[in-house]
Ligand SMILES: Cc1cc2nc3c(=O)[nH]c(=O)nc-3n(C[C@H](O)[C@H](O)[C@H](O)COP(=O)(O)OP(=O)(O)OC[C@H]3O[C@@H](n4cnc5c(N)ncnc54)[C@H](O)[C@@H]3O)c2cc1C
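Next up: a single chain in structure tokens, the form predicted alone.
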Amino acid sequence: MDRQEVEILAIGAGPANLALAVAVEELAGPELAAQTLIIEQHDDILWQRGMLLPWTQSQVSFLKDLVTLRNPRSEFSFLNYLHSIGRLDEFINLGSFTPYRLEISGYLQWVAESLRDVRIEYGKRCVSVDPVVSDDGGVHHWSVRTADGGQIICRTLVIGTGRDPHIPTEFGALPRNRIIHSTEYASRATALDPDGAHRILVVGGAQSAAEMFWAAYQGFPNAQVTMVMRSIGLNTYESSKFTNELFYPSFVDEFHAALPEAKEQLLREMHRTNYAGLAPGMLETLYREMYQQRLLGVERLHMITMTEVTGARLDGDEVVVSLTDRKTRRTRELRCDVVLLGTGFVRDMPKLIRELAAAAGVSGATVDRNYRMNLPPSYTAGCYLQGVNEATHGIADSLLSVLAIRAQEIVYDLLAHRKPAPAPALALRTS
């Protein structure tokens, strides 16, 4: 069995842990960086893998890359990436602050390949994390198992795997091959016959649902594509410059110190800035296309608003979805071939983190201001959580906006907690 020991292990090579890797190299020095490992379950790094479509753009400024807000002179900036591949002139001429997702994805892979000391191992899927109980009764290390049978021992763990996809219970009776979540769209939609007369149902009313709605319409020219949502219609993101100030990394302190009722209000009122809206260009594109279809009398795009999905079943080779009108409470059935889910992510902590908390004997996975998980006093082994702390750190926690500064805060905190620890025993005991 492959077994190795490192100082810092980061699970997931997404933007959060890549920002951390750069911060380790720039702030902690080569010795600690050389003892830092990132494991990634895929064989490469792609940003928003499921929705990495050629025409999709980031909704966040390129200046909110992995480093610029922390260190504008860093060699790991997005601008330096463009310069290194000879595309800086073209990007400047585009006149946009929001790159295409393909550019962000290329940037992330470039950063991964440009790291000097921090290592990344691909094709390593974490299946379990266990605390290692030492002879003194303390927990000074973690034992991480990977799907290929490997074991990694570390003193500090950083989890940046993102949240689990939300599959509504109403679709629980359907076979998995009839459901495509937005996190899988780019890879699984290719299995459909591009010339087939498909009946495609899209569930959701925010950006990912709208992008699948448009992608399915473009990619399957003989398909009928229907979008169903609970809201009264599609809306653009709330993008006031005043509300955008709540995405500043400096606002995290203010949010973290706020009273519980104030946090609830902030999250509620900020919902439309990230979760319940569309980019203006996407909204305009959809409306104009549907307008032209009605003008020509040939409609392939359909939209059903103020409607709940209350059930789904398979009838022969058809998916039958029960729809309930929220205005009248009347229910009807809609038959389709495949369902695309733009239903976002589970709000609870990911399964891996919940299992880690249970193994550590704590009732829930909570973190302090510096993202360090609250563990029993016997734990000197540290665990940091990235991108899952919206309830305590604000709505920007899962976004690019705070990556650079958060990475700095985590690095400074783990350096402050570094103390000599007993070497892990050859025969490891886990709790």
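Residue indices: 1-based, along the sequence shown. Just so you know, these numbers come straight off a predicted model, no measurement behind them.
Same protein, other form: the form predicted in complex with the ligand, not shown, and the subject of what follows.
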query: Partner-contacting position among Ala186, Cys126, Ile179, Ala112 - heavy atom within 4.5 Å of the ligand in the model of the complex; finding: Cys126
query: The unique member of Asn389, Ser58, Gln35, Ser378 whose heavy atoms fall within 4.5 Å of the ligand in the model of the complex; finding: Ser58
query: Contact stretch among 221 to 229, 160 to 168, 196 to 204, 357 to 365 - heavy atom within 4.5 Å of the ligand in the model of the complex; finding: 160 to 168
query: Partner proximity in the model of the complex: Leu27 to the ligand, non-hydrogen atom cutoff 4.5 Å; finding: no
query: Contact test in the model of the complex: His42 vs the ligand, heavy atoms, 4.5 Å; finding: yes
query: Contact label in the model of the complex: Leu400 to the ligand, heavy atom within 4.5 Å; finding: yes
query: Interface membership of Arg101, the ligand in the model of the complex, 4.5 Å heavy atom rule; finding: yes
